[in-house]
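Read the single chain below, which is given as structure tokens and is the form predicted alone.
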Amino acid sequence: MVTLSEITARFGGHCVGENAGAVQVSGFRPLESAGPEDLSFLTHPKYRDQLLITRAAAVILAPEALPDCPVPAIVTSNPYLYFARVANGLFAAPRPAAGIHPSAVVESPIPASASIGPNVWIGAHVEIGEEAVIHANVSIYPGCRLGARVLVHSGVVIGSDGFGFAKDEEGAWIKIPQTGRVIIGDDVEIGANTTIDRGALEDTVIEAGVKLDNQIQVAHNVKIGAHTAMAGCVGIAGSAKIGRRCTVGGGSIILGHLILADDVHISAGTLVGKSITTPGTYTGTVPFLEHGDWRKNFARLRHLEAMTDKIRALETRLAELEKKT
């Protein structure tokens, strides 16, 4: 148990409510299911109805939500960030013990502070940083490099061959050797069953602080800039370069050899078919069509706003002519 005053002394914010500083909490639960020993939080106005009836011991919220709060509160300008910091600092799940599980196959030196789970395979000449956590059934191919405090969830494959083939004169596919590596920076998290292919000639690079959700495909020679985050089932084709602090919504596809600038945000389910050079939020889905028809329609779609303006202008002129006649 910890008091609200102990929390605010460590993480900032301020307590509001009668004897709020003395209120004790033992962990987090959502507003609708929280009980008298739970700390909860409000991050979106659509959950204000739940705030009104919550049984939580206290709630983390922004100043504008305070009038609706029936229990003691910790007031802060960014409740979600505050929740993340408190959860990590006070209520996080225990870190796995350092060491190598007896069932793991490890062919490279591993720092004493790293935790290697059951049935992990780490190939030769792999470098892994201090305090890394590699969960069960992860495969890391030879020659890859992982930074400090990397967290890799179950089923991840790092360094498998990229999908590189050339077609010969008879239509057979000839494999192109994949001789690059996967280089992963510090503080990267990789979700379950995500695959990161090694580069063909150059390296596939995941910079520091990147967060990848479950079941993401990162193809060969891709570069992902620092502190970018991607939701589940994103697919990134070969040699795409994604900037820093980008976000990519679930199920999005980024085609090969494209470049995304820093601070680009891709909405869920979007197909990115050309490079994006300007920061901002981008959204789009296109119906499935025969390729030639798709190209024609998509070319017209890009000019839809200009065409709409022209149609409105023509309608105005037509109305004026009708009045004259």
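These figures come from a predicted structure and were not determined experimentally. A residue's number is simply how far along the shown sequence it sits, counting from 1. Rigid core: the largest C-alpha set superposing within 1.5 Å between the two forms.
We do not show the form predicted in complex with a further copy of the same chain, though everything after this point is about it.
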a further copy of the same chain isn't shown here, but in the predicted complex which of A65, I276, A57, L51 has a heavy atom within 4.5 Å of it? I276
Partner-facing stretch of 67-75, 124-132, 152-160, 108-116, counted where any non-hydrogen atom is within 4.5 angstroms of a further copy of the same chain in the predicted complex: 152-160
Could you tell me if G99 has a non-hydrogen atom within 4.5 Å of a further copy of the same chain in the predicted complex? no
So, in the predicted complex, is E18 in contact with a further copy of the same chain at a 4.5 angstroms heavy atom limit? no
Residue contact check: G209 to a further copy of the same chain in the predicted complex, 4.5 Å heavy atom: yes
Residue-level contact is defined here as any heavy atom of the residue lying within 4.5 Å of a further copy of the same chain in the predicted complex; does G269 satisfy this criterion? yes
Any residue of 182-202 with a heavy atom within 4.5 Å of a further copy of the same chain in the predicted complex counts; write them all down in order. E189, A192, N193, T194, T195, D197, L201, E202
Using a rigid core alignment, state whether the CA of R10 is displaced by 2 Å or more between the shown form and the other one. no
So that I can tell if M307 moves, could you say whether its C-alpha shifts by at least 2 Å between the shown form and the other one after the core superposition? yes
